[in-house]
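To begin, one chain is listed below as structure tokens, in the form predicted alone.
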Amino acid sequence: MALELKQRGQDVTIVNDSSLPSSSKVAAGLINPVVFKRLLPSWKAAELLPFLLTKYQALEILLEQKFHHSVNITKVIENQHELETWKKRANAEDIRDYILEEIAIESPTGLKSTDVLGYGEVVQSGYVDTTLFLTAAAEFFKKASCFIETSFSYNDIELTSAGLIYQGKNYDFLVFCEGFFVHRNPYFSFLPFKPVKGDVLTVSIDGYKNTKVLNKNFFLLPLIDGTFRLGATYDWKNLDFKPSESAKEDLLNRVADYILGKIEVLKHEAGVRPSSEDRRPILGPHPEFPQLQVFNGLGTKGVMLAPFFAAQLANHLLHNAPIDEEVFVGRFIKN
């Protein structure tokens, strides 16, 4: 959000408490344009994908780092229904740009010989190295002297007719991008968020060299250093950032059904995704104080959603452009 405004020539100040845990810091950053359950395109895929590709390319130039990577996804097809659905849907107008019609029969090197009927392939997919991206973005703003490393104080907000004052400085708008910690925000805690914890592992695997993402009831994402990210779990009850031993075992058991080589866990991380009740982002102004804005609810698809909707909120702030009704904060505000 801050990069979008900065690229449009706006003065921005970021207040960030790096001691707080963050789902973005541990996210695998997977970009998947397909909903496998019914083999449908992901929500707004036709708009999001070309936009994010252009935006991330521009940000890589600006931040002088390579963090967006295009990687196809191999989908394991194990039953006749999945096979028939893939064949039936492969040439459908809404999905044909995202999946290949041909189903591979031969297993990728390093996989067990199981009762697999084939392997479908997803294109226009990939991932964003979120840790590298966030680090590069923070350095960019620090060099521009507009990055304040401290906790945010809600009590220091002074609302005015022209905007607001925060710790003695005037601003037109304050955009809250707090993720899970929005529940502490006195202005936006009323919103119906439905956060979900997820564990993800960084692993090495003997003899497994697949350069595509493997997807079944897990994802196995190859990284450029030869390791893999293995994820992810969904836990709506234990909303903390502590890695769960049971979640780790669950992930290892899932992938062990398919992988031949010995798996070594190099890192185990957990985050709480800021999902909303209706699984759509939430952005826009506070119902009483329009100088206060929210940008949140990106859930499990943040790297796909963030570029497009950051631009949309920027258009709203700078030009009073409308916000899509599906993501507009007003959908949760009763008149």
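One rule holds for the numbers: they count along the sequence shown, beginning at 1. The structure presented is a predicted model; accordingly, all values stated were derived computationally and were not measured.
The same protein has a further form, the form predicted together with a small molecule, not shown here; the description that follows concerns it.
None of the heavy atoms of His68 is located within 4.5 Å of the small molecule in the predicted complex.
None of the heavy atoms of Val76 is located within 4.5 Å of the small molecule in the predicted complex.
Heavy atoms of Glu82 never reach within 4.5 Å of the small molecule in the predicted complex, leaving it off the interface.
At a distance threshold of 4.5 angstroms between non-hydrogen atoms, Tyr154 is in contact with the small molecule in the predicted complex.
Ala28 is the sole member of Ala28, Ala45, Leu283, Ala310 with a non-hydrogen atom within 4.5 Å of the small molecule in the predicted complex. Interface residue among Leu49, Val303, Leu39, Leu292 relative to the small molecule in the predicted complex, by the heavy atom within 4.5 Å criterion: Val303.
Only one segment in the set 209-217, 155-163, 192-200, 93-101 has residues whose heavy atoms sit within 4.5 Å of the small molecule in the predicted complex; it is 192-200.
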